[in-house]
Structure formats: structure tokens, C-alpha cells
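One chain is shown next in C-alpha cells, namely the form predicted on its own.
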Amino acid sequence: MKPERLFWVWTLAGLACLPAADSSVPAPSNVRGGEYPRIHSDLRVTFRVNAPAAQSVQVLPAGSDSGMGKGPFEMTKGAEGVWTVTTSPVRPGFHYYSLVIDGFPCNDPASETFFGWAKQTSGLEVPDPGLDFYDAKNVPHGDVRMHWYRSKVTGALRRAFVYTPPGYDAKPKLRYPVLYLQHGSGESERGWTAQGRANFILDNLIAAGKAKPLIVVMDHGYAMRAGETPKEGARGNEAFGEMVVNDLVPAIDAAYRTLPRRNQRAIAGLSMGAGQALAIALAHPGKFAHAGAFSGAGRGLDAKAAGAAKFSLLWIGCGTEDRLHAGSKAIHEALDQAGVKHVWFEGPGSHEWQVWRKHLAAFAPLLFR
């Protein structure tokens, strides 16, 4: 007798095995009760939208290297004006996308939206049957808090998301190291928890004894000095490093039970946030002993300066299919030639959250050792 073919289904309790006769299941990123998009056992995805008056409807993956494949995907109109399309198998992980109805891009009402590409954007989560390190497991969970503070640099009220580890409130005498963790261009301080599932990654690592309990601070990576206006071609983040050092770090040390010492403070980020993390760490080596760049090591990183900073941990990495891989690898090789101790991390994947989730899961256990 042949073994029954199985595939994975995401449920509120986690991942479960069901017979292949159940050919598709709702994506975990759907709105509550949403039946579409649906994920098939071979990782094809079926999209559906009710637009009876439309003349054309497409599904458009965001970006040129989306794990959903090259779009747009033309939808077919069926009975009562319901449009559908089934894609080829997609890469597991999180993917941004939009609908295009008669040339107008819009979000899919069946999917949750996430702040990406500088706007609220539909997101598709495709579970990986071989990975569970970012699942919400039955382990003690930390909290993700909103922390509001006033920045003297920007002259404005700012919001950071702060992860506190399991047991933080129950053990009022314990103090913790801090990781400042930055998102990428066009995203926000919500990114590492909403898209990256950082809190669940850390919960699982801490529960397994693989990472030390720590506080993680995730701030909005854009900041301009008070009274300044954006210059043409500028990102609007030119004062971010100054704001982190002069406003954010003191605010967190004052409000949370941190260990306010260099060897207990780390900074890392993805893409734009990777460049910011390295720039801040290199400019202020007395503040940060650990630095990490996920898919964006920064142009022209000075190996001599990196060596002089004497980091306890310097992490450089990138997905092998990422457009930034060659530049990141060149920096790794320059550090090697200069004899600067660091970690080089690469693996399959492009410029996407599944890669950055893996970075965090491998990076966090090396911190504060």
C-alpha cells in the first residue's frame, strides 16, 4: 500500500498534516474568514476577486524579484463577474502584491495589508513545510509594546515598537541587553513583527535556550532635523543616525530595564536598515559592540574602520539571488583580506522577508555571548 500523500496546512494551532485530497487552503495572511487567496499542496496559489463591472483584472507581484514569480498574472472572468487565476508554484515566505482592475492598482480586500513599498500593500504568506522557526509555538511569549517618545533632533513625537522577552514584567529586578533592529526602505517600525515575525522567532530561540533574553527596539527609519524639508532625491532619513544616538537610545535606557553598556547593545537591519545599522555602529563604536547587515552591507564600507571598531560581532550577509549579493560578498571579501573578524551569511533567496527571517534566527544566538 502506498503511503498517503500529505501537505501542510496553517491553522491557529500551528502546522497540521492533511490528505492531498484537500487541494488548497486559505492563506494565513487572509482577512478573518477569507477563503482566497488559497494555497495548493504544490504551492500554486489561486486568487479570486468579485468585480462584475471590470474589463480586466490582474494580480501584480511587487518588485522585480518577487518570490511569486514574474507577473502580472491575468485573471479570467467567470460566472457572475468573479475573476480567478492560479499561479505557478511560489516560493514559501511573505510576498507583497496588488490587484490591477482596469488599470487601477488596489489592494486585495481578501488579504491583510502591510506597510511596504511606502504604502499599505496586500501581503501573501506562504508557509514553508520544512520550516517552523517563525511559527507561534506553544512556548512563553514576549510582548510587543508601542513606545512613544519626543525627539529633540526631529522636534516631533515618535513611535518605536519594543519587544520585551517572556517574563519581563514578572522579574522586575532583571536587566537585559538591547538589539536595535531596523526595517527596509518603504517599510515601517511594524515591519519586523508584522512581516518578519521577529517576536515569534525570538520567543522560540529563547525558549530553546539558543538566544539570551533581550529587548528589541524597532523604530521608523526615517528622520529629518526639526525645520528641515526633504531635498530632491533624498530619502528623508538623513538625521536618523543622530536621532538614534541622541534620542532613541537614551529614551529606551530610561524607560526599560536595559544593560546600558556597549557590550550589551547591538544594532542591525535589513536593506536600507542594514546600511543605517553599519553607519551608526561605525560612527559610534563606543555605543555598539554588535552590528549586523542583512541584504545591504552599505556601499564602500571601510574595512580599516570596521577593524578599528573592534566589534564583538560583525555580521554581513545576503541571499544568493539578491541583486545586492555581489556587493555584499565584495565587502565580506574585503573584510577577510583586511583580517577583520566577521560572520558571512548567505543562502538561497532574493530581497525578501524569508531571507531576513533566517538572518535574524541565525544572528540572535550569537549576540551578547
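In this text the structure is predicted, and so the values were computed from the model without any measurement. Throughout, we count residues from 1 along the sequence that is shown.
Unshown form predicted in complex with a further copy of the same chain; subsequent notes refer to it.
Chemist: Sort through R261, R150, R175, K231 and report the residue having a heavy atom within 4.5 Å of a further copy of the same chain in the predicted complex.
Modeler: The option sitting close enough to the partner is R150.
Chemist: Which listed residue (E242, D253, D128, E112) meets the criterion of a heavy atom within 4.5 Å of a further copy of the same chain in the predicted complex?
Modeler: Looking at the other structure, the residue within range turns out to be E112.
Chemist: Given a 4.5 Å cut-off on heavy atoms, tell me which of 326-334, 66-74, 49-57, 302-310 is the interface stretch with a further copy of the same chain in the predicted complex.
Modeler: Checking each option against the 4.5 Å cut-off leaves 49-57.
Chemist: Answer for G275 alone: is it within 4.5 Å of a further copy of the same chain in the predicted complex, judged on heavy atom distances?
Modeler: Looking in the predicted complex, residue contacts with a further copy of the same chain do not include G275, since no heavy atom lies within 4.5 Å.
Chemist: With a cut-off of 4.5 Å between heavy atoms, is F161 one of the residues that contacts a further copy of the same chain in the predicted complex?
Modeler: F161: yes, in contact with a further copy of the same chain in the predicted complex.
Chemist: Closest heavy atom of R265 to a further copy of the same chain in the predicted complex, within 4.5 Å or not?
Modeler: Taking the distances in the predicted complex, the answer for R265 is no, it never comes within 4.5 Å of a further copy of the same chain.
Chemist: At 4.5 Å between heavy atoms, is G123 in contact with a further copy of the same chain in the predicted complex?
Modeler: Answer no; every heavy atom of G123 is more than 4.5 Å from a further copy of the same chain in the predicted complex.
Chemist: Scan 117-143 and note down the residues that get a heavy atom within 4.5 Å of a further copy of the same chain in the predicted complex; none is a fine answer too.
Modeler: Residues within 4.5 Å: A118, K119, Q120, A136, K137, N138, H141, G142, D143.
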